[in-house]
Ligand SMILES: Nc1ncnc2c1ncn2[C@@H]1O[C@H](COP(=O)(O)OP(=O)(O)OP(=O)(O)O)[C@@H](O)[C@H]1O
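Next up: just one chain, as structure tokens, the form predicted on its own.
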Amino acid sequence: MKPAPVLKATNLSVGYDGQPVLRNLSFEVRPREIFAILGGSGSGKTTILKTLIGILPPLAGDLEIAGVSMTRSSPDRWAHVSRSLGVLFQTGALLADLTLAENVMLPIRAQTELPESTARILACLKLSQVGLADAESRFPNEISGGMRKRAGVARAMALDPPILVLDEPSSGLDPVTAAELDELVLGLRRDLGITVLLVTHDLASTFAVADRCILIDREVAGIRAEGVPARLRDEHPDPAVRAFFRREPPRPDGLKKGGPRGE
């Protein structure tokens, strides 16, 4: 029997001030899957992300997490369910005047009543899971960009969410560091059984880690393609889709190509 999706969008339209950026988005993310939302600059990836994490209400349609509807549930119920999402923002969003352990402790302090000593132990455990076991007392400006991203992942995992949302995780990283972060994501899925939602334009990461993906496009104001990344690159009937995944030059009637890592 096919498992129920952990996240499902149905005819979802997203945008600002009543004006849709993307319309009729329908897709689902399965348990333990690494699912990528791809698109070029200005395609609407950030708008989808804001809706997924509850910052921006949908204009139409529905979004479900673990079977709970955003539009049909109370605000309190949805706020509780949305804690199933642990989010790594593009910049890492660490507070500069706090140590890495203190940054990871923030959601634990905010959403639990655990003693300070227990919260610190949990924070150090999360840092250990991302390869930062010896860095809990360091400040964000004392570590590399790759380490800051890892610390951001640790904070996103602080409350053991079943779904990890990564916003452009490889942005600003060199190719080697980005590949190491890809390996971390695969390891977390393998060891913890989490589901990962990857919002990105990075094709190298997509091919390395994603089981399936959707390609969104402002030209069609929605989803242009969905499937296994390599198959979209090699077999999709739309030449613009194949060109995107092959990083071929844009054509007048085609999709803009994806940018390099760190763009």
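Here the structure is a predicted model, which is why all the values come from computation and not from measurement. The first residue of the shown sequence is 1; numbering continues from there.
Another form exists, predicted together with this ligand; not displayed. Remarks below refer to it.
For the residues 51, 205, 195, 43, the 4.5 Å heavy atom test against this ligand in the predicted complex is passed only by 43.
Although the partner is absent here, residue 168 sits close enough that one of its heavy atoms falls within 4.5 Å of this ligand in the predicted complex.
In the predicted complex, this ligand sits within 4.5 Å of a heavy atom of residue 201. Taking the partner from elsewhere, residue 240 is found to have every heavy atom lying beyond 4.5 Å of this ligand in the predicted complex. In the predicted complex, this ligand lies within 4.5 Å of some heavy atom of residue 90.
Exactly one of the stretches 33-41, 219-227, 61-69, 232-240 approaches this ligand in the predicted complex with heavy atoms within 4.5 Å, and it is 33-41. For the partner-free chain shown, 16, 21, 40 of 1-40 come within 4.5 angstroms of this ligand in the predicted complex, judged by any non-hydrogen atom.
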